[in-house]
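Okay, here we've got a single chain as structure tokens, the form predicted alone, with questions on binding and movement later.
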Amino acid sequence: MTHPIRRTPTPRPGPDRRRRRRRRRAASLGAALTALALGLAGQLTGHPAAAAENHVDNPFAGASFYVNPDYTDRVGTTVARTGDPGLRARMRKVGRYPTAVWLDRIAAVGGADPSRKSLADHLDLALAQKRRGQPITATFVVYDLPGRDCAALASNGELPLTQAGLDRYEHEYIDAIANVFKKRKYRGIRITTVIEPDSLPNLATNTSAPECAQAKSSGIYVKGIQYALDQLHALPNVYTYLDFANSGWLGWDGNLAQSVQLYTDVARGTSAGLSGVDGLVTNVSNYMPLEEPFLTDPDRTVGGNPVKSSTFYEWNADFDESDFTGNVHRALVAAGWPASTGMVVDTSRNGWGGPGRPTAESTSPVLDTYVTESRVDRRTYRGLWCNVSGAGLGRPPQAAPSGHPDSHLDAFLWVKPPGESDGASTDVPDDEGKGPDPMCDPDYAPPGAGGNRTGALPGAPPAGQWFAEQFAMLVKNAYPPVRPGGGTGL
């Protein structure tokens, strides 16, 4: 005998459940309408609704670069005062190139500084520049450690080298940056950060300076950088690059070894370990050439001595950033870093063009003469870093540049916006804690420079302020040359 299937009656929901169900339906409808509105807004504006993307190996690959309109406007003020029409055209082209945005004090983050855009302003503008179907990168320099720039004076910062300074750095500066970065609408921007130029390199080599010795013994630099890495790398669309000085600073074998060990220890002390650092940036705000075309073998002998033993190189075998980044990457991988760790070179001021650029290898049998006549780096001393006379723009910003496979380059960037001063030689009043530095004095003869003066450009304003004379020089001496009508140059 067949029995009918018994169906249990569905109980009628009580009033509380009915209200919750209506709220869920309303919420679902609201979410759907919001998604529809965002989609329509994306269609109308040409920009898709913000969506988080996966963390990629090289954030610059296949992406456009954010162009800072503040930089374009600064260039425009110099263009307006320039009489030469050809130079004006070259300047205008340079003003349309992407540069990094420096967050060099707390006020730069939230917009309390009326002279500059806030961090959110820049990210909103990056969204406006984003092309449909193509990622965009925006680069920000995180630069406000307590006791910043411990071995120099021109870029001293606002925070003291104390626990109170570290607390402000973490909560008023890094947290403020992270809170802007994590906003939903910015998820579609690949945000790249250059973290604390000159900080860890000073701990590796300059602890004879009392301020750097204190920065090391207190652990404040390391704690601040680890906090920044933990907060920023936790966001999937944010990429962290640590500053790694330059070939003229850390190129010696001993300096490189102890620096790699320091960076390894710092990275391993973060939540994500070595994978919490996407890469390293070299030559920030410096003038080391990308390559020395006529000095390719540091062990070649001239006059019975290897080229690296010359007065200019002082037994440092890394003559340029191409060699340096290759050696750094090999040392990192040997220390356990992922092979995917990327390198970036700041090429904003290392072109060394102009009439003084050598066109061939020297034939002199005298070592120092041979080096002087062969090198494209025209400084009298490799340690000169402030408003260097004779420098020129280098290679333009570029993702995944070819030609240097051992360097594992993620990009060339203009981290230091060309035309922004390195520092002043006299005490110019400012509210940012920056002071004068003798290396910015054209008549100062620094130790180790063989009695040579710095030859820095005179009349420079404090670090970060616009220096029109320097900008004009950099454009004139660019290598490759700036070609407003197109071509293979800038």
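Fair warning: this is a prediction, and the values are worked out from it, not measured in the lab. The first residue of the shown sequence is 1; numbering continues from there.
There is another form of the same protein, the form predicted in complex with a small molecule; it is not shown, and what comes next is about it.
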Identify, from the list 240, 155, 199, 259, the residue with a heavy atom within 4.5 Å of the small molecule in the predicted complex. 155
Checked 416, 395, 122, 382 for heavy atoms within 4.5 Å of the small molecule in the predicted complex; positive is 416
So which stretch, 179-187, 289-297, 91-99, 140-148, is the one near the small molecule in the predicted complex (non-hydrogen atoms, 4.5 Å)? 140-148
Should residue 420 be counted as a contact of the small molecule in the predicted complex, where contact means heavy atoms within 4.5 Å? yes
Would residue 460 count as a contact of the small molecule in the predicted complex, using a 4.5 angstroms cut-off between non-hydrogen atoms? no
With the partner left out of view, is residue 278 within 4.5 angstroms of the small molecule in the predicted complex by any non-hydrogen atom? no
Decide whether residue 323 counts as a contact residue for the small molecule in the predicted complex under a heavy atom distance cut-off of 4.5 Å. no
